[in-house]
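A single chain, nothing else alongside it, follows as C-alpha coordinates in the form predicted alone.
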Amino acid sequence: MGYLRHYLSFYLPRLILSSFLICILSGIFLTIHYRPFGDVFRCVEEITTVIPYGFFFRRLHYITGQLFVILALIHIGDHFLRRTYRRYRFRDWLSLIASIYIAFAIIFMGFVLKGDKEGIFAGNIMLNIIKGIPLIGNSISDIFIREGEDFFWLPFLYHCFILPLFLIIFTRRHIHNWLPNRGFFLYVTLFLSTFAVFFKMPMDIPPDAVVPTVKGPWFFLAIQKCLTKIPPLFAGIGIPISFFILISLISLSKGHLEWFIRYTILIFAIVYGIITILEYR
(Lines give C-alpha, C1' and ligand atoms only; values in the text may rest on other atoms or scores of the structure.)
Protein backbone atom coordinates (compact mmCIF):
# COMPACT_ATOMS: atom_id res chain seq x y z
CA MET A 1 0.00 0.00 0.00
CA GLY A 2 2.89 2.31 0.80
CA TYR A 3 4.47 1.71 -2.61
CA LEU A 4 1.15 2.45 -4.32
CA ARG A 5 0.83 5.75 -2.50
CA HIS A 6 4.44 6.60 -3.37
CA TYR A 7 3.92 5.99 -7.07
CA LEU A 8 0.60 7.83 -6.97
CA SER A 9 2.20 10.85 -5.33
CA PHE A 10 5.15 10.81 -7.74
CA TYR A 11 3.60 10.04 -11.12
CA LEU A 12 0.10 11.52 -10.81
CA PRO A 13 1.16 15.19 -10.64
CA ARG A 14 3.52 14.69 -13.59
CA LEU A 15 0.78 13.01 -15.58
CA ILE A 16 -1.54 15.92 -14.75
CA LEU A 17 1.01 18.46 -15.96
CA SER A 18 1.78 16.42 -19.08
CA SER A 19 -1.92 16.33 -19.96
CA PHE A 20 -2.16 20.08 -19.41
CA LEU A 21 0.82 20.81 -21.67
CA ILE A 22 -0.50 18.57 -24.46
CA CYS A 23 -3.91 20.21 -24.09
CA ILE A 24 -2.34 23.64 -24.53
CA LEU A 25 -0.31 22.57 -27.58
CA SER A 26 -3.31 20.99 -29.30
CA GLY A 27 -5.41 23.99 -28.30
CA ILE A 28 -3.03 26.35 -30.11
CA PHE A 29 -3.77 24.52 -33.38
CA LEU A 30 -7.53 24.77 -32.80
CA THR A 31 -7.36 28.44 -31.76
CA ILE A 32 -5.72 29.36 -35.06
CA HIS A 33 -8.67 27.95 -37.03
CA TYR A 34 -11.53 28.79 -34.63
CA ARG A 35 -13.77 31.80 -35.29
CA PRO A 36 -15.88 32.91 -32.28
CA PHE A 37 -18.34 34.80 -34.47
CA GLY A 38 -21.02 33.91 -36.98
CA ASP A 39 -21.85 30.24 -37.56
CA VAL A 40 -19.62 28.74 -34.86
CA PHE A 41 -21.06 25.25 -35.27
CA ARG A 42 -20.08 25.22 -38.95
CA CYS A 43 -16.61 26.46 -38.06
CA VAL A 44 -16.13 23.58 -35.60
CA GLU A 45 -17.39 21.08 -38.19
CA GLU A 46 -14.93 22.47 -40.74
CA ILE A 47 -12.08 22.08 -38.26
CA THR A 48 -13.13 18.49 -37.67
CA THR A 49 -13.76 17.42 -41.26
CA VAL A 50 -11.96 19.83 -43.61
CA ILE A 51 -8.79 21.13 -41.92
CA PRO A 52 -5.97 18.56 -42.27
CA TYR A 53 -5.61 16.60 -39.02
CA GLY A 54 -8.24 18.82 -37.44
CA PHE A 55 -10.18 15.82 -36.14
CA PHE A 56 -7.01 14.49 -34.49
CA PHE A 57 -6.15 17.72 -32.69
CA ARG A 58 -9.73 18.20 -31.58
CA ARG A 59 -9.87 14.69 -30.14
CA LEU A 60 -6.48 15.11 -28.49
CA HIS A 61 -7.53 18.44 -27.00
CA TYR A 62 -10.75 16.96 -25.65
CA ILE A 63 -9.06 13.88 -24.18
CA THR A 64 -6.23 15.75 -22.48
CA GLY A 65 -8.58 18.42 -21.11
CA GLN A 66 -10.89 15.84 -19.57
CA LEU A 67 -7.94 13.77 -18.31
CA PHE A 68 -6.35 16.83 -16.73
CA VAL A 69 -9.47 17.66 -14.74
CA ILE A 70 -10.20 14.07 -13.68
CA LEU A 71 -6.62 13.42 -12.56
CA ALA A 72 -6.52 16.76 -10.74
CA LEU A 73 -9.66 15.73 -8.84
CA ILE A 74 -8.02 12.41 -7.93
CA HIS A 75 -4.94 14.30 -6.77
CA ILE A 76 -6.99 16.57 -4.51
CA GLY A 77 -8.92 13.53 -3.29
CA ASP A 78 -5.62 11.84 -2.41
CA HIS A 79 -4.61 14.89 -0.37
CA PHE A 80 -8.00 14.88 1.31
CA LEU A 81 -8.00 11.18 2.25
CA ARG A 82 -4.42 11.21 3.52
CA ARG A 83 -4.92 14.57 5.26
CA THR A 84 -1.79 15.96 3.66
CA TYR A 85 -3.57 19.31 3.45
CA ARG A 86 -2.27 19.78 7.02
CA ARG A 87 1.23 20.25 5.58
CA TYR A 88 0.17 23.13 3.36
CA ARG A 89 -0.03 26.74 4.31
CA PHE A 90 -3.56 28.02 3.91
CA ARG A 91 -2.55 30.18 0.96
CA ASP A 92 -1.03 27.24 -0.92
CA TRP A 93 -3.96 24.94 -0.21
CA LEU A 94 -6.38 27.67 -1.30
CA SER A 95 -4.51 28.09 -4.58
CA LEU A 96 -4.79 24.35 -5.26
CA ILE A 97 -8.54 24.33 -4.68
CA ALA A 98 -8.97 27.48 -6.76
CA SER A 99 -7.02 25.84 -9.60
CA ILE A 100 -9.54 22.97 -9.68
CA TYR A 101 -12.40 25.44 -10.05
CA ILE A 102 -10.49 27.27 -12.77
CA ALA A 103 -9.90 23.97 -14.58
CA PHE A 104 -13.62 23.19 -14.51
CA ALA A 105 -14.36 26.70 -15.80
CA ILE A 106 -11.93 26.15 -18.68
CA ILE A 107 -13.55 22.94 -19.89
CA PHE A 108 -17.02 24.40 -19.33
CA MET A 109 -16.14 27.32 -21.60
CA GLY A 110 -14.76 24.82 -24.10
CA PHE A 111 -18.07 22.97 -24.00
CA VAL A 112 -19.86 26.22 -24.84
CA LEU A 113 -17.44 26.93 -27.69
CA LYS A 114 -18.60 23.82 -29.57
CA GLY A 115 -21.43 26.01 -30.81
CA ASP A 116 -23.83 23.09 -30.99
CA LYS A 117 -27.20 22.79 -29.25
CA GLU A 118 -25.67 21.52 -26.00
CA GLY A 119 -23.00 24.23 -25.97
CA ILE A 120 -25.52 27.02 -26.54
CA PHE A 121 -27.79 25.48 -23.90
CA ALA A 122 -24.96 25.40 -21.33
CA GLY A 123 -23.97 28.97 -22.15
CA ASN A 124 -27.53 30.22 -21.70
CA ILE A 125 -27.80 28.45 -18.35
CA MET A 126 -24.63 30.16 -17.18
CA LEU A 127 -25.89 33.50 -18.49
CA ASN A 128 -29.23 33.19 -16.66
CA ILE A 129 -27.59 32.06 -13.41
CA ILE A 130 -25.27 35.04 -13.39
CA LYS A 131 -28.08 37.44 -14.30
CA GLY A 132 -30.04 36.06 -11.36
CA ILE A 133 -27.57 37.55 -8.87
CA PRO A 134 -29.43 40.40 -7.14
CA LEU A 135 -28.42 43.97 -8.05
CA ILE A 136 -25.16 43.14 -9.84
CA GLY A 137 -26.17 40.19 -12.03
CA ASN A 138 -26.50 42.06 -15.32
CA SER A 139 -23.19 43.86 -14.84
CA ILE A 140 -21.31 40.66 -13.97
CA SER A 141 -22.83 38.73 -16.87
CA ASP A 142 -21.30 41.23 -19.31
CA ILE A 143 -17.89 40.22 -17.99
CA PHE A 144 -18.32 36.49 -18.74
CA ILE A 145 -20.87 35.98 -21.50
CA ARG A 146 -23.22 38.15 -23.53
CA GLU A 147 -26.31 37.60 -25.63
CA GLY A 148 -26.36 38.11 -29.39
CA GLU A 149 -23.49 38.04 -31.86
CA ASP A 150 -20.85 38.21 -29.10
CA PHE A 151 -22.18 35.10 -27.35
CA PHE A 152 -19.00 33.04 -27.98
CA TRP A 153 -16.45 35.86 -27.86
CA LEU A 154 -15.93 36.11 -24.09
CA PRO A 155 -15.98 32.31 -23.51
CA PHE A 156 -13.34 32.12 -26.26
CA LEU A 157 -11.12 34.65 -24.48
CA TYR A 158 -11.53 32.92 -21.12
CA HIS A 159 -11.02 29.41 -22.47
CA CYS A 160 -7.98 30.16 -24.62
CA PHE A 161 -6.15 32.93 -22.78
CA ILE A 162 -7.42 34.29 -19.47
CA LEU A 163 -8.25 31.14 -17.47
CA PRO A 164 -5.17 29.11 -18.56
CA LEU A 165 -3.02 32.04 -17.48
CA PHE A 166 -4.75 32.15 -14.10
CA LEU A 167 -4.33 28.39 -13.77
CA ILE A 168 -0.59 28.69 -14.30
CA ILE A 169 -0.41 31.54 -11.78
CA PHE A 170 -2.31 29.59 -9.11
CA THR A 171 -0.22 26.44 -9.58
CA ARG A 172 3.17 28.06 -10.16
CA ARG A 173 4.42 27.02 -6.70
CA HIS A 174 3.78 23.37 -7.55
CA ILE A 175 4.80 23.25 -11.21
CA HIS A 176 8.52 23.22 -10.42
CA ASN A 177 8.17 19.94 -8.55
CA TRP A 178 5.78 18.42 -11.10
CA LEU A 179 7.71 19.01 -14.33
CA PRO A 180 8.00 15.67 -16.17
CA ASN A 181 11.27 14.76 -17.85
CA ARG A 182 11.42 14.46 -21.62
CA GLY A 183 11.07 10.70 -21.63
CA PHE A 184 7.97 10.69 -19.47
CA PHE A 185 6.36 13.49 -21.47
CA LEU A 186 7.17 11.72 -24.75
CA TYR A 187 5.61 8.43 -23.60
CA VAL A 188 2.45 10.20 -22.39
CA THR A 189 2.20 12.14 -25.67
CA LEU A 190 2.62 9.01 -27.79
CA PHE A 191 0.05 7.08 -25.75
CA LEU A 192 -2.57 9.84 -25.78
CA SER A 193 -1.96 10.60 -29.45
CA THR A 194 -2.48 6.94 -30.36
CA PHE A 195 -5.61 6.86 -28.24
CA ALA A 196 -6.90 10.03 -29.94
CA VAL A 197 -6.68 8.38 -33.37
CA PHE A 198 -9.20 5.72 -32.38
CA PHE A 199 -11.27 7.72 -29.88
CA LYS A 200 -14.78 8.76 -30.88
CA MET A 201 -15.91 12.07 -29.45
CA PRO A 202 -19.51 12.66 -28.36
CA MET A 203 -21.59 13.71 -31.35
CA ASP A 204 -22.19 17.42 -31.85
CA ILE A 205 -25.87 18.31 -32.12
CA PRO A 206 -26.75 20.98 -34.72
CA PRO A 207 -28.24 24.11 -33.09
CA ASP A 208 -31.51 23.74 -35.00
CA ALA A 209 -31.92 20.01 -34.30
CA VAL A 210 -34.94 18.76 -32.38
CA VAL A 211 -33.88 16.47 -29.53
CA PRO A 212 -35.83 15.18 -26.49
CA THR A 213 -33.25 16.29 -23.91
CA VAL A 214 -30.25 18.59 -23.88
CA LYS A 215 -27.53 18.14 -21.27
CA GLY A 216 -24.51 20.08 -20.17
CA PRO A 217 -21.03 18.64 -19.53
CA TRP A 218 -20.76 15.64 -17.21
CA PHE A 219 -19.54 17.61 -14.19
CA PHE A 220 -22.44 20.07 -14.57
CA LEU A 221 -25.22 17.45 -14.66
CA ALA A 222 -25.85 17.45 -10.90
CA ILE A 223 -26.14 21.24 -10.83
CA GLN A 224 -28.40 21.09 -13.89
CA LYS A 225 -30.64 18.67 -12.01
CA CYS A 226 -30.65 20.90 -8.92
CA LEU A 227 -31.69 23.86 -11.08
CA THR A 228 -35.01 22.12 -11.67
CA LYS A 229 -35.63 21.55 -7.96
CA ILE A 230 -34.23 24.51 -6.03
CA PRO A 231 -33.72 28.25 -6.70
CA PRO A 232 -31.18 28.76 -9.52
CA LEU A 233 -29.08 31.21 -7.50
CA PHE A 234 -28.51 28.63 -4.76
CA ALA A 235 -28.04 25.69 -7.14
CA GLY A 236 -25.72 27.41 -9.59
CA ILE A 237 -23.73 29.67 -7.27
CA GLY A 238 -24.52 28.87 -3.63
CA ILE A 239 -23.63 25.16 -3.78
CA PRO A 240 -20.27 25.54 -5.59
CA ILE A 241 -19.21 28.44 -3.36
CA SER A 242 -20.24 26.59 -0.17
CA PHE A 243 -18.23 23.53 -1.18
CA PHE A 244 -15.25 25.74 -2.04
CA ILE A 245 -15.37 27.36 1.40
CA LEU A 246 -15.64 24.02 3.18
CA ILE A 247 -12.76 22.31 1.41
CA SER A 248 -10.62 25.44 1.75
CA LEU A 249 -11.19 25.79 5.49
CA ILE A 250 -10.33 22.17 6.19
CA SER A 251 -6.62 23.05 6.14
CA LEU A 252 -7.22 25.39 9.10
CA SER A 253 -9.54 23.14 11.10
CA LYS A 254 -8.57 20.73 13.86
CA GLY A 255 -10.23 18.18 16.12
CA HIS A 256 -14.01 17.81 15.93
CA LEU A 257 -14.35 20.68 13.46
CA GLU A 258 -12.01 18.95 11.03
CA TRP A 259 -13.97 15.70 11.24
CA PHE A 260 -17.26 17.55 10.78
CA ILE A 261 -15.96 19.25 7.64
CA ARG A 262 -14.47 16.01 6.32
CA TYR A 263 -17.74 14.11 6.69
CA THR A 264 -19.71 16.99 5.21
CA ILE A 265 -17.42 17.06 2.17
CA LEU A 266 -17.61 13.28 1.77
CA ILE A 267 -21.41 13.27 1.94
CA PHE A 268 -21.61 16.12 -0.54
CA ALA A 269 -19.18 14.40 -2.94
CA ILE A 270 -21.06 11.09 -2.76
CA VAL A 271 -24.47 12.69 -3.33
CA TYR A 272 -23.11 14.84 -6.16
CA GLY A 273 -21.48 11.80 -7.74
CA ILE A 274 -24.65 9.70 -7.53
CA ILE A 275 -26.76 12.45 -9.13
CA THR A 276 -24.15 12.87 -11.88
CA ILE A 277 -24.11 9.15 -12.67
CA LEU A 278 -27.91 8.92 -12.71
CA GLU A 279 -28.20 11.97 -14.99
CA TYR A 280 -25.39 10.79 -17.28
CA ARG A 281 -27.09 7.49 -18.04
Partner chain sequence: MKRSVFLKTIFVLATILLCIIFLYPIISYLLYREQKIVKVSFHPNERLGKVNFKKGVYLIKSNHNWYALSAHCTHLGCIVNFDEKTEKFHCPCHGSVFDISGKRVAGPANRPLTRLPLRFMKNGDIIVIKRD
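Numbering follows the first chain given and starts at 1. Note that this is a predicted model, so its numbers are computed, not measured.
There is another form of the same protein, the form predicted together with its partner chain; it is not shown, and what comes next is about it.
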message: Considering non-hydrogen atoms and a 4.5 Å limit, which listed residue (143, 186, 179, 197) is close to its partner chain in the model of the complex?
response: 143
field: Listed residue (70, 227, 249, 43) with a non-hydrogen atom within 4.5 angstroms of its partner chain in the model of the complex
entry: 227
field: Site check 121, 148 and 232: each within 4.5 Å of its partner chain in the model of the complex by heavy atom
entry: yes
message: Please determine whether residue 135 contacts its partner chain in the model of the complex, using a 4.5 Å cut-off between heavy atoms.
response: no
- request: Indicate whether its partner chain has at least one heavy atom within 4.5 Å of a heavy atom of residue 128 in the model of the complex.
  value: yes
- prompt: Does at least one non-hydrogen atom of residue 84 fall within 4.5 angstroms of its partner chain in the model of the complex?
  reply: no
query: Is there a non-hydrogen atom of residue 210 within 4.5 angstroms of a non-hydrogen atom of its partner chain in the model of the complex?
result: yes
query: Out of the stretches listed (238 to 246, 55 to 63, 31 to 39, 211 to 219), which one is close to its partner chain in the model of the complex, meaning heavy atoms within 4.5 Å?
result: 211 to 219
